[in-house]
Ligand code: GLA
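So this first bit is one chain, no partners, the form predicted alone, shown in structure tokens.
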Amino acid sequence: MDEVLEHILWLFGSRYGEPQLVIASPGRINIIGEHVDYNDGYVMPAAIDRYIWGAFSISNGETHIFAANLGREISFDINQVDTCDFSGWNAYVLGVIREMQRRGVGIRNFNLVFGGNIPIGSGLSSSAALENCIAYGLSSLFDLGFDRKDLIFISQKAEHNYAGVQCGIMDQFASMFGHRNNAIFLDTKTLEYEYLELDMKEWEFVLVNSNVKHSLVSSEYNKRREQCSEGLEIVKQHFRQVQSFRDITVDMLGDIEQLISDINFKRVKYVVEEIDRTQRAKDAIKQGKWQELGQLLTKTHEGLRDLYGVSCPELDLLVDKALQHPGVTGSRMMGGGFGGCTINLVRKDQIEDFSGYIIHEFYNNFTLHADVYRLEIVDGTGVVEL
């Protein structure tokens, strides 16, 4: 048993007695399809063995929620959630509760201790894992009858309405629907999905965490959504057959370049190209063409850097240095941007050498320590059998 989970169970026992339910909700990587989940694109996430855990029981008094990683507790009556402080991590937890209450379900007072081993700010979707943990846990504890798709929309609405990030559905979907040793090819417009077995043989996905988190990420994320929306509207006015980004071809972009601002054109161009790359990546995985997949990852980074404008010097250096290593066939920044992780496709017999090399190069350039993560691809949110 993971030591973080052991600590959560000990805390719960010392404060509230025996838990009735324990939930594990994983973080995620996104292999390709970055910043297109809110643009009706295709994405390719996978759930990973980094978790938010929650231990639950029904309370005979007030609701008590204890954040194990922070050592902080809030207590309130479940019918007076609106009087609580919604700042910080509270927004994700209380937001899920409020979104469930809006649906008219009977949540009663409960006890909860939660915590995890997903590095905060790394781009591994700790917020979606937390939201899913709360949503799945409350639905199970009170037998509310929500299915997994209901729960991911509850989690997404909590992030929109209380955390203030207008995220797409990918993070919540990947965390909830993950399948061991499989990536998910997800159509974010229809939510149709396909599992892709990751029979990677001599290759492995390796993350490098810059441990950098620039404050731009939230405001710039929402700004990119606005820019994409503005750009799409201009394309739709010029081409009546266009309903979403997936209807736009590269040839169309040339026709509308003079009708759209330079910045919005770059955003649209990136999204159109990334939707195409993700479909080609699906074929590469099915055919076991891992070096071709690596090339697509690198092209995605170039687009995120040059067209979408969400990279930063630290991430660019990690990618540039990774691509200079003989064991790496592709590298890109992953997640919202302005910090967090890169995802790298590395030969398994080169991972140890790559890890030492990339840590050394990053420290030499920024006097900062990077962390290297090897991962397992796991199942999605569910009950922990103790």
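The model shown is predicted, which means the values in this text are computed figures rather than measured ones. Don't overthink the numbering: it's just position in the shown sequence, from 1.
Quick note: we don't show the form predicted in complex with alpha-D-galactopyranose (GLA), though the next part is all about it.
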Stretch in contact, per heavy atom within 4.5 angstroms of alpha-D-galactopyranose (GLA) in the model of the complex, of 141 to 149, 237 to 245, 278 to 286, 166 to 174: 166 to 174
Contact assignment for alpha-D-galactopyranose (GLA) in the model of the complex, among 335, 27, 45, 41, heavy atom within 4.5 Å: 335
Among the candidates 89, 162, 221, 185, the residue which, in the model of the complex, approaches alpha-D-galactopyranose (GLA) to within 4.5 Å (heavy atoms): 221
is_contact(residue 35, alpha-D-galactopyranose (GLA)) in the model of the complex, heavy atom dist at most 4.5 Å: yes
